[in-house]
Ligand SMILES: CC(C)(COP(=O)(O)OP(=O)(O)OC[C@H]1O[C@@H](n2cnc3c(N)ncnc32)[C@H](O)[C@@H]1OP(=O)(O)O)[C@@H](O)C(=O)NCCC(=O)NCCS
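The chain below stands alone, shown as structure tokens; this is the form predicted alone.
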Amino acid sequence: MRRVIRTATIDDLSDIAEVEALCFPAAEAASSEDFKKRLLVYPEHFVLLYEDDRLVSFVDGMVTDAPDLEDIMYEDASLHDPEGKWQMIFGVNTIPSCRKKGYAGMLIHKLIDMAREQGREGLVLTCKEELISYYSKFGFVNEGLSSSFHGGVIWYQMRLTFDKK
């Protein structure tokens, strides 16, 4: 089995939308059209893991100067600022048959490394309460309830801030 980690292109759109639909309930999942808008603006901020020719995991999100992840960011790709201070994480997706293999962790580490190399201040994500301890393992700190009501779910905002040199 050949495993490849790389950033996305617009050609990955159908694979990305398919994996998202497997990973999130319909009310929370981004649509193919949402992903198309994102991929046309910031494909280099999607980190994909393929096994042979099958996408099995990906992480994505925009970059912005805004300190908090807001629902409008999911819908409006034009809010992406290539010089922004914060790498947002919109989704961490691994197909059910490939979970518990460390794939999501590999991609989170890759995105953290990319954000550090790009001179960002850190990364921000929102998650459900049961995932707070998972993201804490990567250095994310729970900041409490998020202002997000995405998908009608309660979200917690977490932040990983890089040490200033």
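From a predicted model like this one, the values you see are computed outputs, not experimental measurements. The numbering used is simple: start at 1 and walk along the sequence shown.
This protein has a second form, the form predicted in complex with the named molecule, left out of what is shown; the following refers to that one.
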| item | value |
| --- | --- |
| Partner-facing stretch of 102 to 110, 115 to 123, 64 to 72, 32 to 40, counted where any non-hydrogen atom is within 4.5 angstroms of the named molecule in the model of the complex | 102 to 110 |
| Exercise: C23 in contact with the named molecule in the model of the complex, heavy atom 4.5 Å | yes |
| Exercise: R54 in contact with the named molecule in the model of the complex, heavy atom 4.5 Å | no |
| 4.5 angstroms heavy atom contact with the named molecule in the model of the complex for Y134 | yes |
| Any non-hydrogen atom of V92 within 4.5 angstroms of the named molecule in the model of the complex | yes |
| Candidate spot C127, E130 and W155, all three touching the named molecule in the model of the complex (heavy atom, 4.5 Å) | yes |
